[in-house]
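Let's start with one chain on its own, the form predicted alone, as structure tokens.
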């Protein structure tokens, strides 16, 4: 069952952590955001034990891809500064689309700005799906929004990502006489005390509204892929080879690793 691993490194040069995590989780596709490590250096580190990984080049400034498959199987179809949408074509399997994104931070963008970024991302995915003739799509990345925010759940231009796979299985919803496709978002279930962390990113301030834990790093799936997916196939990772990615207070250890926790997806397709 192919495994997809996403991690925002927060510009930390931690190739050892990346190597250990990729090997620990048997990651077949590794997607990194805010990665300052040169691809050649990271590739050397990933292959320190055995020559399994390949660099899958692209033109997205915010994301880098490595894969244990032949890099030719992971073909870029659309790329911008923050978005990469690729066709993953494995032998004897139907092709799927692997979309990855690192959307702008709340530090620089308002809620309204983030909605417009979601509109653009959703439109690009929709366009590539039309060209490819199918909707077997996964989306991974640091979307810098929680699952419940407007850009994530809105139908008219947003990602239309719902928490209930039975709802997503309806394929579309009609709003103002126009049909909109669903994404299924399993990350809702990871908010709060359900696992070893309350989310993927912790932020505390003195403002009246503070969530403390956020799930900015997410995995979304189109309904056409749900037959090969189970709830336990998405995990927020908190440990690498016995080393905790969390501080003693349970927050991400951004001194030794990153302020974001990695997310792993297993999918049978």
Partner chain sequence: MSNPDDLWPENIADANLITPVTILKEQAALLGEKTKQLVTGEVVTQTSGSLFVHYFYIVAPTLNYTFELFQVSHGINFYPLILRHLNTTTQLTSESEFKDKLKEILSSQHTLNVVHSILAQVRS
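Numbering follows the first chain given and starts at 1. Bear in mind that the values here come from a model prediction, so they are computed numbers and not experimental data.
The same protein also has a form predicted together with the partner chain, omitted here; what follows describes it.
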{"property": "Sole residue of 43, 237, 225, 37 within 4.5 Å of the partner chain in the model of the complex, by heavy atom", "result": "43"}
{"property": "Complete contact of 48, 51 and 55 with the partner chain in the model of the complex (any heavy atom, 4.5 Å)", "result": "yes"}
{"property": "The partner chain contact at residue 72 in the model of the complex, heavy atom, 4.5 Å", "result": "yes"}
{"property": "Heavy atom contact within 4.5 Å of the partner chain in the model of the complex, the stretch among 237-245, 215-223, 26-34, 55-63", "result": "55-63"}
